[in-house]
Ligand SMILES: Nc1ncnc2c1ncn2[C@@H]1O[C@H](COP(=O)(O)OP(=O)(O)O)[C@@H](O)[C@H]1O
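Encoded as C-alpha cells, the following chain is the form predicted on its own, with no partner shown.
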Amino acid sequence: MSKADAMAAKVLPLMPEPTPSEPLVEVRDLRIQLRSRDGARLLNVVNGVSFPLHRGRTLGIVGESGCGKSTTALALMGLLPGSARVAGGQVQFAGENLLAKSEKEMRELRGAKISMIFQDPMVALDPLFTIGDQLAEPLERHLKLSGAALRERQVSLLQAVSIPSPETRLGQYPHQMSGGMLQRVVGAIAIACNPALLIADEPTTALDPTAQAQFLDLLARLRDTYQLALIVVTHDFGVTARLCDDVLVMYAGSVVERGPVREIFDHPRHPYTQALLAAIPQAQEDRQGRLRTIEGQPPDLARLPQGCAFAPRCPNVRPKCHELPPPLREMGDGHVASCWRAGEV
C-alpha cells in the first residue's frame, strides 16, 4: 500500500459493508416524476424500477433515448434536476436509504463512495483547469491529501487508467488531450477515492470504435481490480454484451425485462428486447442487406396509451395488450419480463 493509499484508508469515512450474500445496491420500486414544460403536469418518467447489484458485478440499463435510464442513474447520485422529484421507492446502498439523506450527506458520498462517469468528457472537465487540478479536487475534499501524498495518488490514478507519461499529463489542459484520453481522465477522477459504486452514463458515445473498446476493457479491469459495483447506462446492446453480467431493459419509464445477460441474449421474452437485439448492426441484416428497425416512435409520456406502452409498436399485439398493463412475470433464473405473451415465447 502506498503512502497515499495508507493515508486515504485513515481518513475515508466508512459505511457499513453488506455481507457477501447481500447486494451493495438495491433499488426498490423507484418512481420519479418530471414537471412538464408548461408546469401544469407531472410526468411519470421512471415508473417502478427495481433491481439488486452486488460488488464485482455490472448491470447494463438499456433502452432508447427518453426511456428513463439516465434519470434512474441521476436519482442514485442524488443529482435529479429541479423539475424532477422522487415520487416513491427506495435506493438502498450498503444498507442505507440514499433517498432519505440530505443534500449535505449526499455531497459527502458523491465522489467518495459513489461516482459517475458522464458521456461527454469535454463537458465533464473544466477547460480552465489542468488535469492535475481536477484530479486533486476529490482527493483534497474527501481524503484530505496534500503535498507529496497528493502527487503520488494523482500519478497512480493516471497509471491505473493507462495514461502514459502521467507526470507530464498532470500539467496539461483538457484541450491538449484526445477524446479517448480525456474519458480515461474522467474515469481516474471517478475512482480517485475508491468508490464502491461506479455509474457510467453512455461512456463510449463520444469515442471512436477503437477508443470505445479500450475504455470498456478499462472499466472491466477497474471493476475486477477494485471489486466495484458497476452500472452502465447505454442504448447499445454491443456494449452490454461486452461488459455486463445482468441487463435491465427500459421502455417509457418502466422495466420491460431484466435478467442475466446471456439469458436475455439467448431467450429474450419481451418484443421490445427482441426488436433491440434484431436491430444490432451487422448481426441481423435481412437478405437485402438492410438493417431492421423498430416501427413507430416511443410514446409521449404525457399521453401514454392504455395497457402496454409498447403495444402500438408491437408486431405480436393482442386485444388484451391495449386493455391492461402487463405485470413483471418470473421466467426463472432471475429472468423477468413484462409481457402478456412472455410465457409463449
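In case it trips you up, residue 1 is the first one in the sequence shown, and so on. Basically, rigid core = biggest C-alpha set you can superpose within 1.5 Å across the two forms. A quick note: this is a predicted structure, and the numbers were derived from the prediction, not measured.
Below, we turn to the form predicted together with the ligand, even though it does not appear here.
Asks: Just one stretch in 307-315, 273-281, 37-45, 52-60 has heavy atoms within 4.5 Å of the ligand in the model of the complex, so which one is it?
Replies: Heavy-atom contact with the partner occurs in 37-45.
Asks: Although the ligand is absent from this view, report whether Q159 comes within 4.5 Å of it in the model of the complex, heavy atoms only.
Replies: Output for Q159 is no: heavy atoms all beyond 4.5 Å of the ligand.
Asks: Taking the shortest heavy atom distance, is T205 within 4.5 Å of the ligand in the model of the complex?
Replies: Contact with the ligand, no.
Asks: How about Q227: is it within 4.5 Å of the ligand in the model of the complex, going by heavy atoms?
Replies: Taking the distances in the model of the complex, the answer for Q227 is no, it never comes within 4.5 Å of the ligand.
Asks: Answer for S146 alone: is it within 4.5 Å of the ligand in the model of the complex, judged on heavy atom distances?
Replies: Looking in the model of the complex, residue contacts with the ligand do not include S146, since no heavy atom lies within 4.5 Å.
Asks: From the list Q92, Q119, T71, Q212, which entry has a heavy atom within 4.5 Å of the ligand in the model of the complex?
Replies: By the 4.5 Å criterion, the partner-contacting residue is T71.
Asks: With the ligand left out of view, choose which of N194, S178, S83, T130 has a non-hydrogen atom within 4.5 angstroms of it in the model of the complex.
Replies: Result of the distance check: S83.
Asks: If we fit on the core, is the Cα of S36 displaced 2 Å or more between the shown form and the other one?
Replies: The answer is yes; the displacement is at least 2 Å.
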